[in-house]
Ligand code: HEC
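Okay, so here's just one chain, in structure tokens, the form predicted alone.
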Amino acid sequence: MLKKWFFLLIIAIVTGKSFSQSPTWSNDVAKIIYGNCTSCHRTGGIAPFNLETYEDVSAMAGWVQQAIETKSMPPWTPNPDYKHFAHERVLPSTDISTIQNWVAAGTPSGNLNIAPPIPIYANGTQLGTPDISLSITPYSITSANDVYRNFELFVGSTQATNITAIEVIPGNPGIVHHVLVFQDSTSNPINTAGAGGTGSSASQLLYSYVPGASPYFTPVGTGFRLAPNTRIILQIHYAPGSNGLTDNTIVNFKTNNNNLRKITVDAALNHFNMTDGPLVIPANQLKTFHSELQIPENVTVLYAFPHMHLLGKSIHTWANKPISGDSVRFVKIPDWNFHWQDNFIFPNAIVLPIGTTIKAEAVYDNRDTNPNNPTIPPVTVTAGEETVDEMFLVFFAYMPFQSGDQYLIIDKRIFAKGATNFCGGQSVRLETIAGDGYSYQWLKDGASITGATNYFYNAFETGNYTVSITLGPNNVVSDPTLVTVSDAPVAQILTPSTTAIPEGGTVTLAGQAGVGYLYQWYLNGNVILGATSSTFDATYFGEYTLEVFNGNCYSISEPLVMTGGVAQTNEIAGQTEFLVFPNPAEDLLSIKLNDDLCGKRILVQDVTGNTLQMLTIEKSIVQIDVHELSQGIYFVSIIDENNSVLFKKKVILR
């Protein structure tokens, strides 16, 4: 055994390889970013910059690492060690370590041709055809600061019904920070410029939207009762920097007229039933308050929604059962953030017996050291609707208990953590509800997948995927998610007659032929200029690889080592004196160059060597319009006054 271990160690040293290789963008990091960040950090998204391409993320690598280490991103305020929630935005420690190791290694790209594709995000509804769709009148923001606005929308139905799904579609995703959806069947006036509430004490909260949030679906057989002739009030927070921009946000509902179980959303804990009230926060003080309520019946709780304003520092809510005093955990937010409020949906319905006491503790910071304090110097703050006032509310979505509620299946949807259209050799992680006692069976095209019994499944084949979810006596099957996998081309160097290049001669290398294939040969990892046919006459010794593109997908061959011949020359370029981004590109290609290249020229060619563009370098960053070029492989070269190629890089247009 010792000899075997020593032999393996020697092999690792001699080959220069390690059993623990650094993560790369293409193989490890892209799927983490696409599954957790890009829904907001994308073109047209709410975030201030994009995290879509390797160039995007590598340029922000330090910020990304810091954000995930401090848990400020993905935005998720509850303490995951206290309570887990459905579809929570929490990175596992393994993903955090992967990004840390990638940054420490210098953000290696890996082979960008085999990186997973950027996900495509639907701009339209995810509810199919909504039963009710309401849109605000186009609203133009006239301030560069945070803007909170209440919009009054009328349903117009004279009959009561039940809401079974709620969806918010921002009209301008780049400026809509969050949306609270209220129902109000009174004619009370509302405060159009409010931030804390609507101005009407009768308004009932139904749903909250934050960027990246999916629609909320009620458990099967349940719904929110929508009163006849009611109105929907949208409270929208527009992020700073929205001045002069316009929004027309939409709220959509699926409804059901059957006799469903009614879900009630109520601020059961509030600043009116505090044990140490009233809610008065003196200037320059850190103040703690408590609220509690003994429930008068057996109830089933589905989610909690804590709410404070800008002085909020932390909030914690739980319950104590009667007789035993056993504690039931709801939500614990150690670092309150007014800008990231959310419905925290329990993965398992929580059943509370009559006599249970629900409790909450809220801490407020009215000191001038609080960066969110809206009034400096501080003044005494009391309860109220305005942003400069305060609130202490914990909303709960609940129903009267029925036997078997502990087995309610909260959600049956599948969430794709990345693109569902990709090339062979790649995959997408599909996830469904994760909770206590659930069991799963994944299916492809209606047939069970052997061993696929976790709450997630990595799909790598074309098909319609569903998951059968069981909890106690209940079972549901999700709607299908279509995954489309494009065939990758065959990248194979056919076995040559010999791998020893004769002195002064060549050996012809041939790749597997295919209809519509485009080729690029490499030697020792460097592109061979002009080697873009299915064959190549090898003159140099070293490691050859062949890259093949079929219009959609790429493949890289296994390496072939050739001996004999002569050493490679400068015509094979792998230099880093200039950077091309984004790569792949669509409309605009940017080229960043070292200053000493000024005066040289940039040459753009297709794979056949045809010159498409040539321009003189006059500054360190050059942009080229490529939107009229077809998809495929192109080459960008730096040439001198003698038309000699100094450096060359491959570019993918799509």
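Each residue number is its position in the shown sequence, starting from 1. These numbers come from a predicted model, not from an experiment.
The same protein also exists as the form predicted together with the named molecule; that form is not shown, yet it is the one meant from here on.
Peer 1: With the named molecule left out of view, choose which of Ile281, Met562, Met73, Ile528 has a non-hydrogen atom within 4.5 angstroms of it in the predicted complex.
Peer 2: Selected option: Met73.
Peer 1: Just one of Ile68, Val604, Leu593, Ile624 has a heavy atom within 4.5 angstroms of the named molecule in the predicted complex, so which one?
Peer 2: Contact with the named molecule in the predicted complex is made by Ile68 alone.
Peer 1: Would you point out which of 595-603, 613-621, 58-66, 22-30 contains residues with a non-hydrogen atom within 4.5 Å of the named molecule in the predicted complex?
Peer 2: Looking at the partner contacts, the answer comes out as 58-66.
Peer 1: Is the gap between Ala47 and the named molecule in the predicted complex 4.5 Å or less for some heavy atom pair?
Peer 2: Flag for Ala47 set to yes.
Peer 1: Does the named molecule get within 4.5 angstroms of any non-hydrogen atom of Leu91 in the predicted complex?
Peer 2: Leu91: yes, in contact with the named molecule in the predicted complex.
Peer 1: Wondering, does Thr53 line up within 4.5 Å of the named molecule in the predicted complex on heavy atoms?
Peer 2: Output for Thr53 is no: heavy atoms all beyond 4.5 Å of the named molecule.
Peer 1: Would you check, heavy atoms only and a 4.5 Å threshold, whether Ala585 touches the named molecule in the predicted complex?
Peer 2: No, Ala585 stays farther than 4.5 Å from the named molecule in the predicted complex.
Peer 1: Would you mind checking 151-181 for residues with a heavy atom within 4.5 Å of the named molecule in the predicted complex?
Peer 2: Only a single residue, His177, comes within 4.5 Å of the partner.
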